[in-house]
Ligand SMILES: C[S@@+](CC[C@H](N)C(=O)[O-])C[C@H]1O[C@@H](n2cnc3c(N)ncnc32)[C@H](O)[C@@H]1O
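Just one chain is shown here, as structure tokens, and it is the form predicted on its own.
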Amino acid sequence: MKFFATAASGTEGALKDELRALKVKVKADRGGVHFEGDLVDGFRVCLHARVAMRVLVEVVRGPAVGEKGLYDLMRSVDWREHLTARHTFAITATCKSSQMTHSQFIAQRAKDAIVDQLRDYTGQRPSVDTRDPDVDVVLRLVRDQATVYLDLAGEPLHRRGYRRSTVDAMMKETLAAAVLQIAGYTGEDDLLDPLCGAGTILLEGALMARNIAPGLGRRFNVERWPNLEADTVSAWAALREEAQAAVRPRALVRLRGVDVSEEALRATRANAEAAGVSADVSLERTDARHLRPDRDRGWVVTDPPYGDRLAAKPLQLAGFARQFGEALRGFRGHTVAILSGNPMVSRSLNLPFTFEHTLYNGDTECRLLRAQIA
């Protein structure tokens, strides 16, 4: 089977490294990583990949010029292998530079082809469920060439299942994991987030330190698909058992979250409890500008406010960054990694950055910067 694991722009390399570690054949591309294998490999990626947003398996690829071309391509697939009248499905479509330009109409016509074929073959039709379908069909139409996938996970993979409480401007869990991995954090050193918010970076670090597979606390739509072979289902169960057995009972490093907001700390506390790592995480209400190190070495990784976040005025933001940078310069022996979407913040920190990587937080272009504090 041919798969495509999607990733946020700028994080494809980190995902490629992850999938190589899972021993699947990979090829990086813009927006994700292609790999080959069977459904067990796809399930393994869903379970273990920290950076992947979705895992898609290709069903068909070919020309789809106009309404009839798309309909015929969709009917060329034997949908009895993927759907029955007892199962629900939904279609998500995107299009670019094609004769058809309306994604909702494209999804509707693709749906008609599937339903018509199954009704012709079986006399029955599956129902559409856009909220919680058993089978998610993803259709991408570019320059009148269509690729049709099935989404193994269903809900995006950043939904680990531990986010119980939120605060403003939260990054996705997959992006937080990518920030840690690209910066070079492995879960084997102490980690401090001095602006922890709801704790996403901190908790992703805790999952790494405990060796908790990111998908261990949730289910995937592929487990609801029809016509699954018993051997495949057994192999999936074995992968879950293996992942559970690999979890460390406690983190061997210190994981510390700091924030000036009590609301943020309450959110982090609730999320850490849901993630099963509350005993591994210590939280403290302190202004990041007044922090001092209490260890000789470790990592400081954070996502400071930038742009419209917190509606900060430029002079206030620059002033905060200067004071925060002064505090960070006191962390001798530490590695500091900062995700910044505002060049003014980066400059005002005045840290000896020697590494820079571009990635996107949603639509915002950011720089991941790393410095060794001597």
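Predicted, not measured: the structure shown is a model, and the values here were computed from it. From 1 onward, residues are counted along the sequence shown.
Absent from the display: the form predicted in complex with the named molecule. The rest refers to it.
Interface residue remark: G197 is counted as part of the site for the named molecule in the predicted complex, having a heavy atom within 4.5 Å.
At a distance threshold of 4.5 angstroms between non-hydrogen atoms, R210 is out of contact with the named molecule in the predicted complex. Taking the partner from elsewhere, T101 is found to have every heavy atom lying beyond 4.5 Å of the named molecule in the predicted complex. With a 4.5 Å cutoff on heavy atoms, E155 does not count as touching the named molecule in the predicted complex; it lies far away. Residues within 4.5 angstroms of the named molecule in the predicted complex, judged by any non-hydrogen atom, belong to 187-195 and to none of the other stretches in 187-195, 68-76, 86-94, 230-238. Though the named molecule is absent from this view, in the predicted complex it lies within 4.5 Å of a heavy atom of just one residue from Q124, Q145, S127, S261, which is S261.
In terms of contact with the named molecule in the predicted complex, the residue from L150, L118, A288, A274 that brings a heavy atom within 4.5 Å is A288.
Shown here without the named molecule, the chain has only F320 in 316-337 lying with a heavy atom within 4.5 Å of that partner in the predicted complex.
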